[in-house]
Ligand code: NGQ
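Shown next as structure tokens: one chain only, the form predicted on its own.
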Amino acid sequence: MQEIFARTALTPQGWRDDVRVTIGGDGRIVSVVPGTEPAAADVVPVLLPALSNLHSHTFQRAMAGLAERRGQEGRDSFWTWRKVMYRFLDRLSPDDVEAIAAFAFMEMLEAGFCAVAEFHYVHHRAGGAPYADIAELSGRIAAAAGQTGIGLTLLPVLYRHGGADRRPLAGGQLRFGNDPAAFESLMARAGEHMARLPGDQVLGAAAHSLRGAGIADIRAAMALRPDTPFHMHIAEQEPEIEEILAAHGARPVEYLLGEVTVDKRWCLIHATHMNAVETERLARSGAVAGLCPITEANLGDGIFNAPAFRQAGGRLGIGSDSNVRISVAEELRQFEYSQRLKHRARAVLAEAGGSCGRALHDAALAGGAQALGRDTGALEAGKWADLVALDPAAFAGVGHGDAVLDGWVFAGGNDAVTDLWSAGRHVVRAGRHVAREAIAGRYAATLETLVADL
């Protein structure tokens, strides 16, 4: 048993003072009791249910800042950034993948994320030859999760084609490719790797996009894990819309919803460019729209129309995607600020008379838990003990209740996170991961060799 005492905590009944949370040996919350006195317990100023990161490519953490130089000709875009990414990933060994993933996972925990959905599409050697263990790199992601203690939903990605016209994979994409039979073998082996992790791990599945996998491929991937999360990139870039329109006579979200049953197990990443009909239909489906505001801004993707989606009952969550910057507070802030710029208004995602920070936090909390297939999202008996402690002094916080969330989201950052528990694992203490020195040292040595002459 562990006990945490919080001066104030956000419970399903609202903010409560002097709260004792008891965590069982299985990593789940046993009880949440307000109005108590501290005993032999960890004492924290503010305790919240921690958010889940619903979309990550950890290997890209090591190329942060390497694609910020403008080319000599033409307009820089997602597509020019992607060329740098392909050159970078061809250098990665299994040891590199594991070291980078561990560092990124550590940073996520220190930023306030309790768990992550790793959208994992780098499967093979440079050039496309499989490893002796077809899920070697899935195993390295699982090992990194084990080292850091983060809750992991692993999403091996089916990627077959280089475009909607079904052209073959080429260049850096060769490391991604599997046909359905190979992908089934990869999934089975990935399950064996995941079984070595604690009981909160989840193995889901993904298809890369409508460019990278046809509808028959998507149905086959879905069938491998019928009761777990299924994720896919959708409608991130305007040229992508044009490509799918040319190939299928319909926009990406429109086409997908007409071909497969999209429901609560689905998370559609970067559903940025939807028309009004697509927005309403996706909201009604119960799927989560997975948004990655910092990465979407970095890549110049565009701005999601959040008010219309929310008004239609849509569910949202946030992810760190390219991991160019890992921060719960900054993802939520960027999300709201992008809406303010788009709609020329303030507090766009708040309810009338309500806190914007609270609205952002609550939406991302529920959407992330759903997208990861994780029994979390509340300080409530029976849920995984996914908890984050904040010190409002780090952002000159004043007041109580929702004002704390407003302060963290709009004036704070990672330095406000003092402690984090993932399924009861107390992995961040006094703002630092318990294994930071070893993980950061290994990452630094890896990075030094990877980025030379890139």
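Numbering starts at 1 and runs along the sequence shown. Everything quoted here is computed from the prediction, not taken from an experiment.
The next section is about a form of this same protein that is not shown, the form predicted together with the named molecule.
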- [ ] Quick one: find which of 356-364, 206-214, 125-133, 272-280 has residues within 4.5 Å of the named molecule in the predicted bound form by heavy atom distance.
- [x] 206-214
Open item on the list: Please determine whether Ala306 contacts the named molecule in the predicted bound form, using a 4.5 Å cut-off between heavy atoms.
Closed with: no
TODO: With heavy atoms only and a cut-off of 4.5 Å, decide whether His233 touches the named molecule in the predicted bound form.
DONE: yes
TODO: Please check if Trp81 has a heavy atom lying within 4.5 Å of any heavy atom of the named molecule in the predicted bound form.
DONE: yes
Task: Close approach of Thr418 to the named molecule in the predicted bound form, 4.5 Å, heavy atom - done: no
Task: Contact residue in the predicted bound form, from Phe183, Tyr121, Phe103, Trp384 (heavy atom within 4.5 Å of the named molecule) - done: Tyr121
Open item on the list: Under a 4.5 angstroms heavy atom criterion, identify the one residue in Met85, Val324, Leu92, Leu197 near the named molecule in the predicted bound form.
Closed with: Met85
Task: the named molecule in the predicted bound form: contacted by all of His57, Tyr159 and Thr295, heavy atom 4.5 Å - done: yes
